[in-house]
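Before any questions on how it binds or moves, here is one chain, the form predicted alone, in structure tokens.
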Amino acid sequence: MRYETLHDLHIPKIGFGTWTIGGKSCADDAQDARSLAALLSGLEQGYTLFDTAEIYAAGHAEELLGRAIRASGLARETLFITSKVSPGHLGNADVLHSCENSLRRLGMDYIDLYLIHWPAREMELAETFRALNQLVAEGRVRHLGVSNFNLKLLEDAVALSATALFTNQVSNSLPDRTCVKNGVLAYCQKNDILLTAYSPVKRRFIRGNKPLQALGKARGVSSQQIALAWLVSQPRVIAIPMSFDPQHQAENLVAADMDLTASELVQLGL
């Protein structure tokens, strides 16, 4: 597994996203067995970075992640856990309350990385960061980040964070290069901020992309692995794909160590 080294931490290029674990917008207990099996499989295969949020399955994803980690027997300090505060909870007191609830659901004393999930039109970013900075000072959160922030908001967040801002989590994939066009990727790379790619694999795009399929066939790997390998080959870029399938989970990890040649990049039109 390849890593990004940032602030003396080694962050894996591929993590485990938990959107749809335990449900979607609401908790779905009928998915618990399947969700726990997926999380335990990921832990057994060596995933150490897990990304969740208070809004995922209305907090149930956090509960299931905590249960899986305890069942795995792995030491808490060997894992890097990210969670997020939702846009409806960005007031000072609401941020503190949301973090406490996330810690309770996870069954943990601290969160490694805590993000603003989405910016809200009415938010007062300085007040939000006053609470976030307090959480870091008190040790309940180790690092701060944002998600879905444009360049201007990202610059504002950097100025307001009392500690070095860790990441901006955005949609990023072969067919979605918005973060390049709007300058966010270049800013992150210049300022030692990780760009965390969610939705890094667009399956409909991959199924219809003949160059991807041809490269995968030539290498004896999946088109999805080629797409992920290209994404995380970029400096300061990591990805958090999600899969319930143990085989796909393993393939995603392998993709982090794949090198694409210059000619293969030309084949992809890059």
Ligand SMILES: NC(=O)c1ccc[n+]([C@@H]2O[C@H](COP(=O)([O-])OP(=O)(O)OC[C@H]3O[C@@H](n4cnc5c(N)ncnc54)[C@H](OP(=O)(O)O)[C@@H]3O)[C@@H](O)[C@H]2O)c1
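The numbering used is simple: start at 1 and walk along the sequence shown. Keep in mind that this is a model prediction, so the values were computed, not measured.
We do not show the form predicted in complex with the ligand, though everything after this point is about it.
- Figure note: of the listed segments 112 to 120, 70 to 78, 178 to 186, 99 to 107, the one touching the ligand in the predicted bound form, with heavy atoms no more than 4.5 Å away, is 112 to 120.
- This chain is drawn without the ligand; in the predicted bound form, the residue among Gln134, Ser161, Asn92, Asn148 with a heavy atom within 4.5 Å of it is Asn148.
- For Arg236, no non-hydrogen atom is located within 4.5 Å of the ligand in the predicted bound form, even though that partner is not displayed.
- The ligand in the predicted bound form comes within 4.5 Å of a heavy atom belonging to His248.
- Heavy atoms of Asn209 never reach within 4.5 Å of the ligand in the predicted bound form, leaving it off the interface.
- Remark: Ser86 does not count among the residues lining the ligand in the predicted bound form, judged by a heavy atom distance of 4.5 Å or less.
- Applying a 4.5 Å heavy atom cutoff to the ligand in the predicted bound form picks out Ile240, Pro241, Met242, Ser243, Phe244, Asp245, His248, Glu251, Asn252 from 226 to 259, in order along the sequence.
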